[in-house]
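Before any questions on how it binds or moves, here is one chain, the form predicted on its own, in structure tokens.
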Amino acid sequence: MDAKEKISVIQELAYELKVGEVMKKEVITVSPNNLIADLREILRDNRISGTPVVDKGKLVGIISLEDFIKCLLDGEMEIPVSQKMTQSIQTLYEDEPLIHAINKFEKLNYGRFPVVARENGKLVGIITKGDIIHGLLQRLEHEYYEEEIKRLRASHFFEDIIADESRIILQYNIVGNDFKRAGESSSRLKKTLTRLGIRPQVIRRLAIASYEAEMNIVIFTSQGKIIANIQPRQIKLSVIDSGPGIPDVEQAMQPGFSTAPDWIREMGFGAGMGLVNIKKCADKFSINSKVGQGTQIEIIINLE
């Protein structure tokens, strides 16, 4: 099997799902004024190994089972949680793609991440590796049944058309800097391709390429569009933006190279893998960019 065929449905779902769709919304929290001794029953009764510390609705720290055990050994059970909690907190936003959470778990090896609302920073949930697995399995089950229904309804779409030439054009318009809706167009494209009976492996590759291209438009430009040209033997994906252009395309294609500003990176985007991942998903890839005029990317994925 070709390496491109090995893109799994799990990888595809990790791009499509948001953190907020997988996280636990009912979060057990403690106050910074709670005593360490109070943690014993809270952790035991709720069968958790750590909990966020919240003061007046605001996340101020996180305290873990390891912190509790250390206090127990040191005889510090009557001090407030505020003295032992971790105040430098790594969080996720509820509207971030799940792939960001997976990358963060892999990089930092934490047991959990508090999830906060982007607009006000308030705690809205918590996510563990177990939540990610549970969420992915649930979506897999749902998609399996949905795919079977759609396959029965629309399979062999092109075979049923009688014409010398046939194609379907789908266009999605992307608004720059709209992080709330980032990824929606790729999700809509994926659903449409599924309803047309396109093979799942092809859809996965297109969905990842489309998502990465959409994020580049949202991060770096004011607007752009994604056009899918579906033909009986191939799908051509064209990504066109009117952004600042890329001064050095060869450098931009290097894994990890990014010109995203710090505030974009703090949001979990702009890791410098977008163009690399798009190329990985394609059977043919081309990119043309002019500084001050914009960038056009074309990829072709064969259907046979």
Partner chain sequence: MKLRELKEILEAEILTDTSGLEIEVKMACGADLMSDVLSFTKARALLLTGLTNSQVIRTAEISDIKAICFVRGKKPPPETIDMAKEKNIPLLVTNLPMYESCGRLYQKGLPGCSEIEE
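These numbers were taken from a predicted model, which means no experiment stands behind them. Residue numbers count along the first chain shown, from 1.
The form predicted in complex with the partner chain exists for this protein as well; it is not shown, and the discussion that follows is about that form.
J.: Name the residue from 41, 66, 26, 266 that puts a heavy atom within 4.5 Å of the partner chain in the model of the complex.
T.: When the partner chain is considered in the model of the complex, the option within 4.5 Å is 266.
J.: Only one of 129, 225, 181, 167 gets a heavy atom within 4.5 Å of the partner chain in the model of the complex. Which one?
T.: By the 4.5 Å criterion, the partner-contacting residue is 181.
J.: Tell me, yes or no, whether residue 231 is in contact with the partner chain in the model of the complex, where a contact means a heavy atom of each within 4.5 Å.
T.: Contact check for residue 231: no, nothing within 4.5 Å of the partner chain in the model of the complex.
J.: Report yes if any heavy atom of residue 280 sits within 4.5 Å of a heavy atom of the partner chain in the model of the complex; otherwise report no.
T.: It does: once the partner chain is placed as it appears in the model of the complex, residue 280 has a heavy atom within 4.5 Å of it.
J.: So in the model of the complex, does residue 82 come within 4.5 Å of the partner chain, heavy atom to heavy atom?
T.: Flag for residue 82 set to no.
J.: Wondering, does residue 207 line up within 4.5 Å of the partner chain in the model of the complex on heavy atoms?
T.: Yes - in the model of the complex, heavy atoms of residue 207 and the partner chain come within 4.5 Å of each other.
J.: Looking in the model of the complex, is the partner chain within 4.5 angstroms of a heavy atom from every one of 187, 211 and 271?
T.: Yes, because 187, 211 and 271 each have a heavy atom that approaches the partner chain to within 4.5 Å in the model of the complex.
J.: Which one, 57-65, 42-50, 237-245, 272-280, holds residues whose non-hydrogen atoms are within 4.5 Å of the partner chain in the model of the complex?
T.: The contacting stretch is 272-280.
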